[in-house]
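Okay, here we've got a single chain as structure tokens, the form predicted on its own, with questions on binding and movement later.
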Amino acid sequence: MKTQVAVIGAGPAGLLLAHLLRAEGVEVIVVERSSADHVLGRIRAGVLERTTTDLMDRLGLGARMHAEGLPHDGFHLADGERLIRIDIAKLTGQQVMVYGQTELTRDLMAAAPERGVEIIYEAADVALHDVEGDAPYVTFVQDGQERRIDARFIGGCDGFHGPSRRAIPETVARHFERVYPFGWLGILADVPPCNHELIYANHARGFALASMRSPTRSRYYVQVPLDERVEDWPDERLWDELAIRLGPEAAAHMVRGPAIEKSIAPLRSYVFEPMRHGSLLLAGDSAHIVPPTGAKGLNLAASDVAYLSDALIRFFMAGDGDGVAGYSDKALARVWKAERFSWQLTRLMHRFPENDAFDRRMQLADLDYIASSVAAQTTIAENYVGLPL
């Protein structure tokens, strides 16, 4: 097969990129190692910045998102006793949208056939070749036969464990990583949320988050050590711990119910440089990971795709290679700012094993300052809604 851009990965980054390219007449084929059902089975966060919702609207695929998503004007920080509201609409003039990543992926998948976006699922042993030159190609195995796609560029949107990043030689690679000494134990339940906006809570016992997927489905998290097991957290124990950490105001409105899904996710900050090597361009989790504190993961992938799609469209439509040449530097400038915000919010809201009584007092002093400072709240709100492209 031949195409202009081969996209590795049919998650939201890969699908967004493919749709944006096809909308401007660029040929594209998407290769995904998993089945479509497996991709849709991934449980992920769903707080969307304006950057992400604008891309869906630009594609004409935002109707269900606007009909079923939950626009949010603010969110809360909590110190175990009180809720500190960050009024992002008042402070920035913008909103965020609560709409599950699974649902956004479903919308992109459903529109693919009519938009001419070819997706090859269940592609085993995906490998990238000759990425340093102008004629890279991708090989994979499907139905027991090896297949090949020749392309001008490859978009590596296949996540942290995919083959795209590994195709860049270690002689030019730079890895930056911070692994956090705890994880998030999450519960998904068909119960109404305890608050109509998200609550990020710092408690002496550790972090907690109250979130939602819809008016009738809630997502909660508590910070746990990395050696904890899901089996050690029956539903009742988890609900009790959430009530303590979120504080009395939130606990008073909490509705308990059986878990639909329960899991522990580790936290890390990671950036890979460069995001371009020859004809291979990385986007999303293949190049960077952020802690879920601050809801930057999917949105950072969307901003990568916004830069990358514009660069590739300029290349094919106008013969202008400057966007491709500058893609890595441009994307990384925004990546590092998002990493900074996620890292700062993680440090502010979690209990670290090395923290002593002084560190705890510093966190509480920070939260008290935020509660009384419009300037501090504005800084948080600007980063939360997403810095401009």
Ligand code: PHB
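So that there is no doubt, residue numbering starts at 1 and follows the sequence shown. Owing to the predicted nature of the structure, the values given are computational and were not obtained by experimental measurement.
What follows is about the form predicted in complex with P-hydroxybenzoic acid, which we do not show.
Trainee: For the chain seen here without its partner, which of 81-89, 216-224, 146-154, 245-253 has a heavy atom within 4.5 Å of P-hydroxybenzoic acid in the model of the complex?
Mentor: The contacting stretch is 216-224.
Trainee: Find out whether any non-hydrogen atom of residue 340 is located within 4.5 angstroms of P-hydroxybenzoic acid in the model of the complex, and reply yes or no.
Mentor: No, residue 340 stays farther than 4.5 Å from P-hydroxybenzoic acid in the model of the complex.
Trainee: Please determine whether residue 64 contacts P-hydroxybenzoic acid in the model of the complex, using a 4.5 Å cut-off between heavy atoms.
Mentor: Residue 64: no, not in contact with P-hydroxybenzoic acid in the model of the complex.
Trainee: Taking P-hydroxybenzoic acid as it sits in the model of the complex, is residue 294 in contact with it (heavy atom to heavy atom, 4.5 Å or less)?
Mentor: Yes - in the model of the complex, heavy atoms of residue 294 and P-hydroxybenzoic acid come within 4.5 Å of each other.
Trainee: Is residue 59 close enough to touch P-hydroxybenzoic acid in the model of the complex, meaning at least one heavy atom pair within 4.5 Å?
Mentor: Contact with P-hydroxybenzoic acid, no.
Trainee: Identify, from the list 309, 303, 211, 202, the residue with a heavy atom within 4.5 Å of P-hydroxybenzoic acid in the model of the complex.
Mentor: When P-hydroxybenzoic acid is considered in the model of the complex, the option within 4.5 Å is 211.
Trainee: Within 4.5 Å, heavy atoms only, which of 28, 55, 47, 335 is in contact with P-hydroxybenzoic acid in the model of the complex?
Mentor: Only one option qualifies, and that one is 47.
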